[in-house]
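Consider the single chain below, provided in structure tokens and representing the form predicted alone.
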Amino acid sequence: MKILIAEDEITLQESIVKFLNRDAHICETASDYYEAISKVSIYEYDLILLDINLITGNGLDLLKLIKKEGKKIPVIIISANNSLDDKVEGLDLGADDYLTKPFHLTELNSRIKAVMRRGKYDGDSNISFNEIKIKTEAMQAYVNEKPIQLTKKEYDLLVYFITNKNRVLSKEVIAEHLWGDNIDTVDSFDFIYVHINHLRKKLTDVAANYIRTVYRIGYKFTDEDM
């Protein structure tokens, strides 16, 4: 999962990144309001951890912008503001959760999992698509109830495909999601093909057919006719 951490307290920012990296999340950071706006405008994220009191602006204004543009990105506010009015305002603006500083990182991680279950995972920690089932807590994928062994990148790729089913994903977007924002500086995204090919082989002939190549653009995960 790719997470943007918009937090200007560098020590806290680094602690969150280090902790979430243990769960193999791709963590990107923004240390002020304008950097956060820039990243949200350019890149896609699975979830945003948003501090209200950013150095150069109000995080709630960024939340308003995200909702105004129709971006369906789950947002968890992390703030030292503990008043009921602040919490109500943040949640009314569309935040998915509100966590008051200081907090334990284990609680933050649990809140992230809960928000993802309610959002992209339809309230369940398991994801299914026809013959494919993924137990996200165990990071284990199955095809027709039989476990398949995937590398971390292949697993992330499969989860990303299923949670974005029927959507055309460019190679650039796939690369940014799996390797982080800075991957957009590479000259070629052909390495994506290698990971796609390995994933197809492990999904067996039936399930592999869901990964459709979209000529000169990227890929689409679907069981619909194209």
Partner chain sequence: MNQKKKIKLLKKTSRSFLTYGLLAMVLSVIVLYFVTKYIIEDETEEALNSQAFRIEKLIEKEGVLINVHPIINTQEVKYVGTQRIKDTILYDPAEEELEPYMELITYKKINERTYKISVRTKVMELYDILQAIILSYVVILITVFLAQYYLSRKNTALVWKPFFDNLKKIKTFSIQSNKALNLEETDIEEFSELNTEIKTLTNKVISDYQNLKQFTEDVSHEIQTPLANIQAKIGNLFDENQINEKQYNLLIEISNNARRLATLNKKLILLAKIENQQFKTSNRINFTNILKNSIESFEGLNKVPILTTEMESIEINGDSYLARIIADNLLSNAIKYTSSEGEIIVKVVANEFIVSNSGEAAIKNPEKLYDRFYKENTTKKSLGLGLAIVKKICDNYDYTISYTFSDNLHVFKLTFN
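Just so it is clear, the structure is predicted and the values come from calculations on it, not from any experiment. Superpose the two forms; the largest set of C-alphas matching within 1.5 Å is the rigid core. Numbering follows the first chain given and starts at 1.
Below, we refer to the form predicted together with the partner chain, which is not included among the displayed structures.
- With the partner chain omitted here, the record of contacts in the model of the complex names 179-187 of 25-33, 38-46, 56-64, 179-187, defined by a heavy atom within 4.5 Å.
- Although the partner is absent from this view, L12 contacts the partner chain in the model of the complex, with a non-hydrogen atom inside 4.5 angstroms.
- Using a 4.5 angstroms threshold between heavy atoms, L93 stays clear of the partner chain in the model of the complex.
- Remark: H195 counts among the residues lining the partner chain in the model of the complex, judged by a heavy atom distance of 4.5 Å or less.
- Among residues of the shown chain, S128 is not one whose heavy atoms approach the partner chain to within 4.5 Å in the model of the complex.
- Contact with the partner chain in the model of the complex holds for all three of K101, R167 and F191, each having a heavy atom within 4.5 Å.
- In the model of the complex, the residues of 144-159 lying within 4.5 Å of the partner chain by at least one heavy atom are, in order, T151, K153.
- Annotation for R167: C-alpha shift of 2 angstroms or more between this form and the one not shown, rigid core superposed.
- Once both forms are fitted on their core, the CA shift for G57 between this form and the one not shown remains under 2 Å.
- In the core-superposed comparison between this form and the one not shown, R22 has its Cα shifted by less than 2 Å.
- Inter-residue distance, S41 to F191 (Cα): increased by at least 3 Å in the model of the complex versus the depicted form.
- Relative to the shown form, the Cα atoms of K152 and Y45 move apart by 3 Å or more in the model of the complex.
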